[in-house]
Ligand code: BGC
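The form predicted alone is given below as one chain in structure tokens.
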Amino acid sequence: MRTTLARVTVLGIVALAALTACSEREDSSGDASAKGFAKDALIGVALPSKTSENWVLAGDLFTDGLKEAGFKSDVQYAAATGTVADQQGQIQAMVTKGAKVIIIGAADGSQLSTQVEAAQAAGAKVIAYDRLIKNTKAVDYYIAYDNFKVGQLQGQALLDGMKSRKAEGPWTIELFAGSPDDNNSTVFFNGAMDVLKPKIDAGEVVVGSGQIEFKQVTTDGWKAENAQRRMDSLMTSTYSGSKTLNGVLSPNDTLARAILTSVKGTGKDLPIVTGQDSEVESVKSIMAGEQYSTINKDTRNLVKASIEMVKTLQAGEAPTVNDEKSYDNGQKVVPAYLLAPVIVTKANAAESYANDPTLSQLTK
């Protein structure tokens, strides 16, 4: 893991340096090039509801980072419920205000085509942040962590955790996925099933409820209460009596904690439960030996890379991308810049969060 982390860090530094180098190729007078725009231009950032810590942090980082870079910013969240209508209106307002780049963490990536097409028609660049915007050609770039890899890491962590408690299968598991209106939910699930499905087919892993299809295991709105309600139902219908649950695939930390709360309510032994986002309460849970794993997708690095992309566009240059094949949104393959995720368990948490001023304090 130490070698992997070092490699991720080096790659991240090299890639960000490339982005920065592009951004510095401006003329000495400070005027934007023919294809760029003014250094103090308005940059819009449209984010979904504040349902997890990483979205809250992202908004703060964009506000501060864009200001530091010399831009004006308009950072907006959809309403508490993350309604698409709110975000549609916010994006349209950014277009009206003359934003030169609009960065969008989609509330529902399949319902923003009209707004991003209006943005492109007005001359703005559109960057899909963390979640792919679908069914339109009016998306210039996608920036995110490698979400298929996230799923693969979660699937492998689930297997590793269960093996650490019981060396040989079969192991009994349940599957959870994110909200069906978030494109990433499918990507996470498919990545995890890339690892788990061969084990299921071989009989080494058994899904106790038989609920194995994505549409059977989604969690509307990524809401904890929806995950807990489904887990309560599974514990009653499938795991009453002496039947043992060895593991649960959870796509993020918020849902992982809800799943653990449900199991605690039955008095049964806690299963291995995965997660994502390195939320404070989940890191505490990992260190306490409850939640097994999370994913380190440092929001600071993702926002920093996004702002470097804006600076490059301001200079009239093409931003660095590292994947031009994988992200087909139904109308085009969107050029992507992907950062590398890292799996975190109790064993490597101190190393993983050594440079995080908050999380590093939790691992001592």
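Start at 1 with the first residue shown and count on from there. Keep in mind the model is a prediction, meaning the values are calculated, not measured.
Beyond the structure shown, there is the form predicted in complex with this ligand, which is absent from this document and is the topic of what follows.
The single contact residue among Q87, N252, S282, Q115, judged by any heavy atom lying within 4.5 Å of this ligand in the model of the complex, is N252. For the candidate set S326, Q331, T63, T51, a heavy atom within 4.5 Å of this ligand in the model of the complex is found for exactly one residue, namely T51. Only one of 196-204, 156-164, 239-247, 128-136 places residue heavy atoms within 4.5 angstroms of this ligand in the model of the complex, namely 128-136. With a 4.5 Å cutoff on heavy atoms, F188 counts as touching this ligand in the model of the complex. Looking at K297, you'd find a heavy atom of it within 4.5 angstroms of this ligand in the model of the complex. Residue contact with this ligand in the model of the complex: N184 places a heavy atom within 4.5 Å of it. Although the partner is absent here, Y141 sits far enough away that none of its heavy atoms falls within 4.5 Å of this ligand in the model of the complex.
Shown here without this ligand, the chain has only W222 in 215-244 lying with a heavy atom within 4.5 Å of that partner in the model of the complex.
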